[in-house]
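Here you get one chain, nothing else, as structure tokens; it is the form predicted on its own.
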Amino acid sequence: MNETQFKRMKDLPTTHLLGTGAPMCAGCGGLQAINDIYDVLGEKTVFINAAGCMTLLSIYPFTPFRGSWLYTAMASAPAGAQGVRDALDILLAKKKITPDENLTTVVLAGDGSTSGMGLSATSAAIDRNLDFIYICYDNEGYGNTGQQYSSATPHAARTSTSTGSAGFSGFKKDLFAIWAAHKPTYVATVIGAEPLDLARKIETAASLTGPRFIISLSPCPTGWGFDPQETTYIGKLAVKTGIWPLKEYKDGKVSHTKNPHVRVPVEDYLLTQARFKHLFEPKRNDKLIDEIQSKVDAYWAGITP
């Protein structure tokens, strides 16, 4: 968190995963999703946490997870998960632990680690058919260090390293398509603002074996620039505008679990966040707004009802 963000956040209330651990930013969309995910997965889990925002959940010797937790460098979580899963399998084979004592191996990482420096390790883990669940909390930037752009940053968003009049000139990487192209067991997108859809997908992932992947869009009050109490509202807008499609890949097929047949204009979503303020003030940038809208329209036009 940079100095400006600290000044904005220091007097706000904090929220804690499961009531224990280090304070997190109020209104964190990633924490909103992870609380629900953990409710489904339960205590028989070991979280391999890549360096990032959620690393702040645990301050030695405490962790908010009632199961187990392991910290790794940003690019190393899938490799860490391989070591943990191998160790558990060896203990099971040697009858040092019973099947009831087995733990679900879960990677927890942000979009910077997942879409960038950790992508090759994840690809290799899928190739090895590693039996694990990978959860990416996608706040569309390197949120823990001041919201620099990542390969998950959306087009035209302003970040601390994309400060020009047009914002970020690149485009958000399609991580869902990249993961699905590897043909793992399961891939799904979720958001904390749609808890029933999220819970069903986590239950599906938990019932399967092999590489399973969850991408959670995680509205970030400090990085995106909005009041923390608006997190759920903005999350629902992301779905209603079609900017964040809720979908899953299973048995070689992609299906959408929530289709916004009457979509809200994308500018309703953009207007809620300071990172897009330059598109409307001091002069409206219709070209960029229309470009964002047209990409969303083109995506849904290609979806078979």
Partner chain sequence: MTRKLLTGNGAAAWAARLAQIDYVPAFPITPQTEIIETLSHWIDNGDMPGKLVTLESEHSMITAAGAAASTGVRTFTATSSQGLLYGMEMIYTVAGWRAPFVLINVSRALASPVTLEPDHNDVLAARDSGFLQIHCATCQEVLDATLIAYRLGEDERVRLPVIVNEDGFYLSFTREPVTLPNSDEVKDFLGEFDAQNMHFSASSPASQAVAVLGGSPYSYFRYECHLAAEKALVVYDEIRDEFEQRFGRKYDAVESYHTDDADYVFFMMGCFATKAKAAVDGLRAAGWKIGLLRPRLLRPYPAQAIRQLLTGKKGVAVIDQNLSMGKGGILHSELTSVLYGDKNAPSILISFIGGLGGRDISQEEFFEMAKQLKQATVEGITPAPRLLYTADELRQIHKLQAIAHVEREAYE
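Residue numbers count along the first chain shown, from 1. If you're wondering where the values come from, they're calculated on a predicted model, not measured in any experiment.
FYI, the form predicted in complex with its partner chain isn't displayed, but the following is about it.
46 is the sole member of 239, 266, 46, 279 with a non-hydrogen atom within 4.5 Å of its partner chain in the predicted bound form. Proximity to its partner chain in the predicted bound form, taken as a non-hydrogen atom within 4.5 angstroms, holds for one residue of 84, 152, 180, 215, which is 84. For the marked spot (259, 274 and 297), a heavy atom within 4.5 Å of its partner chain in the predicted bound form is absent from each of the three residues.
Although the partner is absent here, residue 156 is not a contact residue: none of its heavy atoms lies within 4.5 angstroms of its partner chain in the predicted bound form. Under a 4.5 angstroms non-hydrogen atom cutoff, its partner chain in the predicted bound form lacks residue 115 among its neighbouring residues. Shown alone here, residue 162 lies farther than 4.5 Å from its partner chain in the predicted bound form, counting heavy atoms only. Contact annotation: residue 169 falls outside 4.5 Å of its partner chain in the predicted bound form, judged by heavy atom distances.
Segments offered: 171-179, 94-102, 107-115, 202-210. Contacting its partner chain in the predicted bound form at heavy atom distances within 4.5 Å is 94-102. The partner is not shown here, but in the predicted bound form the stretch 123-141 reaches within 4.5 angstroms of its partner chain through a heavy atom at 124, 128.
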